[in-house]
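Single chain ahead, written as structure tokens, the form predicted on its own.
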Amino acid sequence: MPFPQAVPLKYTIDRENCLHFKTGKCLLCVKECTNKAIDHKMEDEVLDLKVGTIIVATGFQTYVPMKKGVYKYWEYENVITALELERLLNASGPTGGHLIRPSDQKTPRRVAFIQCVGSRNKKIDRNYCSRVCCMYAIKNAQIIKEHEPDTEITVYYNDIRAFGKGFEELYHRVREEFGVEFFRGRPAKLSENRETKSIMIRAEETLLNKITEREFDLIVLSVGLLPSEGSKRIGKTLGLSLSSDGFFAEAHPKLRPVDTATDGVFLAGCAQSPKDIPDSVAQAKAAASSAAAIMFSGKVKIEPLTVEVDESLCVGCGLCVEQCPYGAPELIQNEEGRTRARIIEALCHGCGTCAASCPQNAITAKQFTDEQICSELVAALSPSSQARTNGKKAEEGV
């Protein structure tokens, strides 16, 4: 296994150390496996699958601190990320759950958490909140205090965002019962004592309006969540748009939180935005239900608001194909051998992008032609319409 409690919890073959790949012999694992799950001849292959719906659940990746940043992650041994701390505190981790300093393998007595590393920072174009950092820092602080009650823990924060069920109660419990100190202010400078390897944090404590310097044995950076690598490529393949933070954009943030602009494609988990486990599970169930509803129905109902192409005007420039966000237009050869555009109505959403961009005015949006819109304007501005509107306002007392 890559590491204990890996997800998925499946064994893989380490080709670099496997005797079969080195010498061509052995295969003892094949003989011992009762399920016949091991195949050394298996190779990577590309599969073409025909599917009815797609759920995008590409997850996230954690922020890696800058090499020449304020927090000295690459320079000081005793500056680690929260993910590295999780491995140290895990009972199946490299230290058996005992917290140690990387520099001398000793138990730290003073630990500092620095929040919002890689989040809520306009300088690195990460304006959003990663949502999970405050609570996993509080959780890890509690675990450290349970293992080593004498450890002094300080959390440097901008503001605590304990938004979930029971989160606010946990925050107050850790602060009051366990004695974890919460320091409101962003560290401005970190400096290391070369002899003791302890680290001095210089920061402004905004609640007291003063600058303080405190020394710690271990610094933990609460890193934020980033869009998964390859999101842009997948978005381009599936015709999905990205929001300003780099995550996939949903069709509507409140009414259609798991839908996308492309019919049959749904979002789940941190592919859509940073979120914790309960929210990810809830969104995954919603996406699965939406996908199942389409597949069980057998047929899909679409709006009749589509566009049509006048082949006599179309010159086959292909601009509509480039501009359409849904992939509805396509270029074909007509009976005369000329290239013309054709609209796939099942894909068209009637947004009018292709009609607006067509230089030959060869594309018309059904039910939204210039004649229809002008007729609606004439009717809305007619004296009889104005009289009815004024009478209705008078009845309502406006």
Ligand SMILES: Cc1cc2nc3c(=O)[nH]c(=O)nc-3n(C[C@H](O)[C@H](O)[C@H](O)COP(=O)(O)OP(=O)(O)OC[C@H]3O[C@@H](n4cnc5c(N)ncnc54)[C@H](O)[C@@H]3O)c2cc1C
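Keep in mind it's a predicted model, so treat the numbers as computed, not measured. One-based numbering along the sequence shown.
What comes next is about the form predicted together with the named molecule, which does not appear here.
Item to complete: Spell out, yes or no, whether the shortest heavy atom distance between Y136 and the named molecule in the predicted complex is within 4.5 Å.
Response: It does: once the named molecule is placed as it appears in the predicted complex, Y136 has a heavy atom within 4.5 Å of it.
Worksheet item: With the cut-off set at 4.5 Å between non-hydrogen atoms, does G59 touch the named molecule in the predicted complex?
Response: Answer yes; at least one heavy atom of G59 falls within 4.5 Å of the named molecule in the predicted complex.
Fill in: the named molecule contact in the predicted complex: K72, any heavy atom under 4.5 Å
It does not: once the named molecule is placed as it appears in the predicted complex, K72 has no heavy atom within 4.5 Å of it.
Discussion item. Is it the case that G269, even though its partner is missing from this view, gets within 4.5 Å of the named molecule in the predicted complex, heavy atoms only?
Written reply: Because a heavy atom of G269 falls inside 4.5 Å of the named molecule in the predicted complex, the answer is yes.
Discussion item. Quick one: A82, V132 and S280 and the named molecule in the predicted complex, is every residue within 4.5 Å by at least one heavy atom?
Written reply: Each of the three qualifies.
Discussion item. By the heavy atom within 4.5 Å rule, which residue out of E308, E311, E192, D276 makes contact with the named molecule in the predicted complex?
Written reply: Only one listed residue qualifies here, and that residue is D276.
Worksheet item: Ok, D263, E148, E86, E204: which has a heavy atom sitting within 4.5 Å of the named molecule in the predicted complex?
Response: Selected option: E86.
Worksheet item: Out of the stretches listed (50-58, 350-358, 33-41, 326-334), which one is close to the named molecule in the predicted complex, meaning heavy atoms within 4.5 Å?
Response: Heavy atoms within 4.5 Å of the named molecule in the predicted complex occur in 50-58.
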